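As a starting point, one isolated chain is supplied in structure tokens, in the form predicted alone.
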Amino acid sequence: MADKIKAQWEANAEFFAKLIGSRGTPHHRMILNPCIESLLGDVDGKRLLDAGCGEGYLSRYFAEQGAIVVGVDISPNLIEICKEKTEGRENPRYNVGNICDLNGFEDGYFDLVLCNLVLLNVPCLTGALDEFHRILKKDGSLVFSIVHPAFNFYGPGTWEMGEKDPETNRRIGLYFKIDNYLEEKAYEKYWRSREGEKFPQPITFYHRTLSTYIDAILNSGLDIQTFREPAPITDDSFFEREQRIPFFAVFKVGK
């Protein structure tokens, strides 16, 4: 399965990097990133692992805030994009690696681990959490985000849509439909570029219940410190749907 996931992200790397646009999508900037930053707290001088760093925009951001950042991703193509965007800088640094097996890092090496919208794309939830526990210092923290399992349109749910809003160019949400929430399985979805072009390969998503995530956290020896369902920080009508139900779920857990 790791080979399949790697192949998907290798094929999609350039499309994904263009979609992220070096600073994240509107949903990242207006909903998710402010929540992540508040939970990580002061990162100055701390060792931070960006686990599943993608094209590296959060690695770059937190390095600018004073963190000593290492970004890891399974896709060599994405790591090359990361390096191109930080050419001439020693911080952050990037490695190709699998978050389910971080054997290149010694026990207790990191103060902080950030895993942003990654655990829902890997089969090894327990393995990744065990590795995060191992590489965190005593009193270290992990902040991870997922698409909210109860409202996950990459899984068993979907919006029933109305007409397109001419001002936002988004369709108005009538209501969210959810079924088979308790059935945990993998889904494959094609993403599209900002211009509407389909990504070269589908992306695999693993639908899991909130209780599965909570049990996996506790079984790894980590303690849940904070759980957030962030709302948009703007009242812009573009986020009409996200102002009604949470798009993301964010955990802060500690060792």
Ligand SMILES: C[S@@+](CC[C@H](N)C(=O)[O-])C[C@H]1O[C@@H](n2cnc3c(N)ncnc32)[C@H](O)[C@@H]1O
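All figures in this text were calculated on a predicted structure; none of them were measured in a lab. So that there is no doubt, residue numbering starts at 1 and follows the sequence shown.
Another form, the form predicted in complex with the ligand, is not on view; read the next lines as being about it.
*Asks:* Even though the ligand is not shown here, does it sit in the predicted bound form so that F16, C53 and V122 each have a heavy atom within 4.5 Å?
*Replies:* Yes, all three are in contact.
*Asks:* In the predicted bound form, which of 159 to 167, 113 to 121, 84 to 92, 179 to 187 comes within 4.5 Å of the ligand (heavy atoms)?
*Replies:* Residues of 113 to 121 come within 4.5 Å of the partner.
*Asks:* Can you pick the one in H28, R208, R47, R228 that has a heavy atom within 4.5 Å of the ligand in the predicted bound form?
*Replies:* Of the candidates H28, R208, R47, R228, H28 is the one lying within 4.5 Å of the ligand in the predicted bound form.
*Asks:* Give me the residue from I20, I233, A11, I245 that has a heavy atom within 4.5 Å of the ligand in the predicted bound form.
*Replies:* Comparing distances to the ligand in the predicted bound form, the residue within 4.5 Å is I20.
*Asks:* Check whether L78 has any heavy atom within 4.5 Å of a heavy atom of the ligand in the predicted bound form, and answer yes or no.
*Replies:* So L78 counts as contacting the ligand.
*Asks:* Answer for C100 alone: is it within 4.5 Å of the ligand in the predicted bound form, judged on heavy atom distances?
*Replies:* Result yes; C100 sits at the interface with the ligand in the predicted bound form.
*Asks:* According to a 4.5 angstroms non-hydrogen atom cut-off, is I135 in contact with the ligand in the predicted bound form?
*Replies:* The answer is no: I135 has no heavy atom within 4.5 Å of the ligand.
*Asks:* Applying a 4.5 Å heavy atom distance criterion, does L58 contact the ligand in the predicted bound form?
*Replies:* Although the ligand is absent here, L58 would touch it in the predicted bound form, with heavy atoms inside 4.5 Å.
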